[in-house]
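This document starts with one chain, in the form predicted on its own, laid out as structure tokens.
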Amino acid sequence: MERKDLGIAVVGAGRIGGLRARLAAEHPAVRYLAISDADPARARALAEKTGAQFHSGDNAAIIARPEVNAVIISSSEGAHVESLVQAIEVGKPVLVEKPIALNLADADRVIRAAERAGTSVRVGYSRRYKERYLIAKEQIAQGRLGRIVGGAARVFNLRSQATAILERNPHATPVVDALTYYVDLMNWLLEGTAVKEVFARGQKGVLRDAGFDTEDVSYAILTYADGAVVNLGIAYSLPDKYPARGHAARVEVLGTGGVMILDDDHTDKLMYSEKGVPHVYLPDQPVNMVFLQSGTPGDWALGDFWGPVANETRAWLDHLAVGKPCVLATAREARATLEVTLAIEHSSATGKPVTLPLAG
């Protein structure tokens, strides 16, 4: 198997960018690492921690480095597109955090640029790399459930997680920024058909009281072209001391020949600590009681990071280095997921069903 040396640029030195940079630094194919961030001091600190050869406060500077042949974009949701297009135009494959963009026009701009340049863009919907969902996909691929006719997924998280995201970008609502994981997951599990109609309802309360005009509870029914029906729900309004340190989820898939019920709430792994346990995204908000393994990206254990973000990052690096297949979402798949989340919000706002594709 032919092996390729990698030079990786990581745009964004926040928590997820920091994780991906550390994972890249440890990958055997990575020979060069560059870090950038809008805060040059944060880029410098991460570069020192990972042994990166170059750091900058200028994203374009690291993307353009001749030693770099692939780019990870872990900047905030509203800042993806500019760096994405810069990397694409110089022919460097990209792994970008979800969502690919916050509107369809920007998503289409990225897709056009990628197809024109022949450059690969993959989007980090890390639920695809959580073991239980990979195994679920295998059962469907093997035909053990027959034809998929329906499903459901719901996710809960803390109100402080929602407000932290909304403070960063008010357009990154719980539906567009978080339920998007489960839209992508169901689209992937039902691969081969597409959502044709969305009907949704939501409730504004906790987040509105915190100053954000967005729903903290939303439910939607998706109807696919082949008739399959999926119910999705999100509540990003749980109290801050709730023991989940990330997504508390449940996924169900119904087929003509079987059913899968995937409990991802983590209530089976409970710990109480007098010292307290921090939230992966909110380290200043420790709790005493926690559901272990409920952190959405994964967990540190004995010096290594384990979980969906680690699996996904390593899979992408393996794909680039040795050509190993990977199941990260493509740009067009990510665009389809974005369209559904925007349709959910539109349906909830108008009280009417929304037919896809969206106009304009």
Ligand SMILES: NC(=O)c1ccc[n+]([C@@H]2O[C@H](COP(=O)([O-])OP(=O)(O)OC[C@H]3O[C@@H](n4cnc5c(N)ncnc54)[C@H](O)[C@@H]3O)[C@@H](O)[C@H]2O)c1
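A residue's number is simply how far along the shown sequence it sits, counting from 1. As the structure is a prediction and not an experimental result, all values here were calculated from the model.
Heads up, the form predicted together with the ligand isn't pictured, but that's what we're talking about next.
Colleague: Of these, 196, 241, 250, 168, which has a heavy atom no more than 4.5 Å from the ligand in the predicted bound form?
Modeller: Spelling it out, the residue with a heavy atom inside the cut-off is 168.
Colleague: Could you check which residue among 335, 27, 319, 42 gets a heavy atom within 4.5 Å of the ligand in the predicted bound form?
Modeller: Of the listed residues, the single hit is 42.
Colleague: According to a 4.5 angstroms non-hydrogen atom cut-off, is residue 218 in contact with the ligand in the predicted bound form?
Modeller: No, residue 218 sits far enough from the ligand in the predicted bound form that none of its heavy atoms falls within 4.5 Å.
Colleague: Is residue 311 one of the residues lying within 4.5 Å of the ligand in the predicted bound form, judged by heavy atom distances?
Modeller: Residue 311 lies outside the contact set for the ligand.
Colleague: Against the ligand in the predicted bound form, would residue 80 count as a contact residue? Criterion: heavy atoms within 4.5 Å.
Modeller: So residue 80 counts as contacting the ligand.
Colleague: Please run the contact check for residue 182 against the ligand in the predicted bound form: heavy atoms, 4.5 angstroms, yes or no?
Modeller: Contact with the ligand, no.
Colleague: Are 154, 201 and 341 jointly within 4.5 Å of the ligand in the predicted bound form, each by at least one heavy atom?
Modeller: No, none of the three is in contact.
Colleague: When the ligand is placed as it is in the predicted bound form, which of 68-76, 251-259, 222-230, 103-111 ends up with heavy atoms within 4.5 Å of it?
Modeller: Stretch with heavy atoms near the partner: 68-76.
Colleague: If you look in the predicted bound form, which residues in 104-124 sit within 4.5 Å of the ligand (heavy atoms)?
Modeller: Only 124 sits within 4.5 Å of the partner.
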